[in-house]
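Quick heads-up: the structure tokens below are two forms of one chain, split into structure 1 and structure 2.
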Structure 1
């Protein structure tokens, strides 16, 4: 991370597990992240790599029956690991906020949007109802929603996905949080809207001065909008690097394979997209050794014997692969 940037998220060895004590299944196996103010750190990986679960764990919103543990989980300098649920609830929406994948489902379908805005604003900003109404209009202006007064009187089903995602962003950033977790913020939207919404997020990130964790499987999006990329596989970060470096000189075989699946990044001259044979192992049972070994074309006997640790190969570039250690 560049010197002089204030750290807004500092997670050390985050683990998520489910099930009772005797038969605990570990789903996220020790993820560490650092996000600076006005920086975007991306979590990428296939479905089932644990990236969304990691995002939810930062918010304390993992599904019932799961347990989250971490050496450290500091947001804006506040330790969230020691908080009770009511204390954590007061942090959510104020210091740490989230934008979800499907904006159509993220608002209560039976309440008017304005009502939901005023609920959130009176709670998180401590303003009166009439002030909340004014504030809601300002917020909608800030995310480019015109005709705010009419929009606030509508129900979610009366609006398009792009419009709703703009509203969700406005709502998430109302209290100017230190950190925003954006979980596939454009996946449910039309391709033409993706750039608009991402540009809006980047712009608001600068205005609010927050850090952002961008959870996505879209490498093109990540290449354009993230400062640092964390590639996740089977509940672990297998490669971490500044975005430019990651796309210029990836090291981990999984990262290589992942990049080859994207048309723009695949080497020129190839007219076919490649795919990674097989599918990721279940999160709770990655097998012995490196979880990617069964699908890896470079795998050796050593790969199934030990779990490789993240080790630096260049400035800010860490890889968990036995090949990189030589």
Structure 2
């Protein structure tokens, strides 16, 4: 994080587990993140890497049957680990908000969209209902929703996926949170609107001093908008570095493989999409040693016996790989 930047998220050794007591299985293992104001930290990786579950854990919204623990989880200086669920519920939206991957599941299907905006704005900002309606229309205009008055009178099922995604983004930004967790925020949008939405998030980040955790599989998006990249695999961060450093000098074999899936598209003379052989292991059973070893062309016997820890290879650049220690 840049020197002198105020921290809005400080999480150390975040863990998510599931199952009955005494038989719990760990799903997210020791994730640590620091996000400053006006900074974006990205979580990248294949589906099943644990990045969405990490984002939900920050919000206190993991699925039933899971448990979240951390040595430290501060948002805007407030320790969320010491809060009861009712206290945490009052923090959501005001200090920390989320753009969910599936807006249809995030919005209440039996309430008009305008009512849902009013609930958020009156609860978090203390404004009147009329002021909340005016603010809601402004927010919808800012994310490219035309005829905002009519849209606020509709139910979620009356809208397309792209329209719902824009509604979800506007709702998340409504109370000007300290931290925004954006989980695949442009998935349902076409290329033009993707650029508009990301530009809007970047603008709001600057205007209100918001920090952002960007969860994405889109490395092009990450390269353009993130300040730091955390590569996740099997519930762990396996490489962390400033964005420019990550794309210029990746070290972990998994990061190298991810970047090849992008770089070969743009390579002269080829339109072949590189792929990573095999598939990620289940989060609750990553195997022994390095979880990526079965798919790694550099793997040795040591890799199947040792779980490597994140260690610095350069200023601000950490890698969990035995190769980086040689």
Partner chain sequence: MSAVPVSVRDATGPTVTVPRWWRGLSWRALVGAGGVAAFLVAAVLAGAVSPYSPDALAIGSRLEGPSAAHLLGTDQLGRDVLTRILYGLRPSLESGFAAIMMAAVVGVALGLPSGYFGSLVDTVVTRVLDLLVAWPAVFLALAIVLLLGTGELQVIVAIGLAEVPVFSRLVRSIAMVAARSDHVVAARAAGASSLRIMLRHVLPFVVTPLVVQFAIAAPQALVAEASLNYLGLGTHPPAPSLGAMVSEGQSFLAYAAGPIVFPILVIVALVVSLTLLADGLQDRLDPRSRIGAR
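Positions refer to the first chain, counted from 1. Heads up, when I say rigid core I mean the largest set of C-alphas that superpose within 1.5 Å between the two forms. These figures come from a predicted structure and were not determined experimentally.
Assignment of forms: the chain in structure 1 is the form predicted in complex with the partner chain, the chain in structure 2 is not. After superposing the rigid core, the Cα of residue 103 is displaced by 2 Å or more between structures 1 and 2. For residue 140, the Cα coordinates differ by 2 angstroms or more between structures 1 and 2 after the core has been superposed.
Once the rigid core is used as the reference frame, the Cα position of residue 166 differs between structures 1 and 2 by 2 Å or more.
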